[in-house]
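This document starts with one chain, in the form predicted alone, laid out as structure tokens.
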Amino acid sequence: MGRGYLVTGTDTGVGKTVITAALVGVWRSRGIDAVAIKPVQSGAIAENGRLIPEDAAFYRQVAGLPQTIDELNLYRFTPAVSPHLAAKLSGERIEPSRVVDFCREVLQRHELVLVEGAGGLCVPLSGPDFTVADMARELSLPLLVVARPGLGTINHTVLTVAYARNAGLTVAGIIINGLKPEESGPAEKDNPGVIAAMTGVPVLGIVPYLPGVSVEKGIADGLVDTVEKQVAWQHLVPGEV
């Protein structure tokens, strides 16, 4: 079985999909058999009579993945709410065993796999008894945490790491995403060091805000090159460090 990580965030909208797609793009450009999957997608878009999970579509575009959408995503729902509620509103139910089996099959086929969660660790997938944290634990995956750069991120990130450890999970690294030059004040400059000191987890990189990147619009200008330069991606690859 290959190595994998579960990508989670300190909140929704922190850029998990952007970082996930870019890392896989970097690895594949280096000849690594890497792939990203999104087991459960809320807020899927109806297009030509079928639902399209935007996150998985973004992986395919950015990283040049040959897999079909169905090979990258298991459940998809139109309501842009927590997965357990999206499923309920859609008249469906997410089966934890199917999610775990789907991920394991991909992990067995590839050298390096990123499994993107939904929102943060506490988000219910099928309900309170099967959250994103539970999925990571079932798969024995270490975490890669994506965080915001600004005010409040110390608290959010430290709490995420503490919750992960309390749940028996390992946190491999933290990536801060979306730093705007005009908002790079004393807090933004101080936050990474404080987060690393308080959690004992390395901050692997700080990715700037890229106006030419949009998951919704399917554009990723300069994304892979930027992440390759700004993130210590080698630390996540077996045998690289």
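Computed from a predicted model, the values in this text were never measured in an experiment. Counting begins at 1, following the sequence as shown.
Form predicted in complex with a small molecule: not shown, discussed below.
Within this chain, Pro202 is remote from the site of the small molecule in the model of the complex, having no heavy atom within 4.5 Å. In the model of the complex, none of the heavy atoms of Asn191 sits within 4.5 Å of a heavy atom of the small molecule.
Remark: Val18 counts among the residues lining the small molecule in the model of the complex, judged by a heavy atom distance of 4.5 Å or less.
Within 4.5 Å of some heavy atom of the small molecule in the model of the complex lies at least one heavy atom of Gly178.
Contact with the small molecule in the model of the complex, judged by any heavy atom within 4.5 Å, is made by just one of Glu216, Asp70, Glu47, Asp33: Glu216.
Of the residues given (Ile195, Ala57, Ala63, Leu210), Leu210 alone sits with a heavy atom within 4.5 Å of the small molecule in the model of the complex. Judged by heavy atoms within 4.5 Å of the small molecule in the model of the complex, the contact stretch among the candidates 161 to 169, 112 to 120, 131 to 139, 86 to 94 is 112 to 120.
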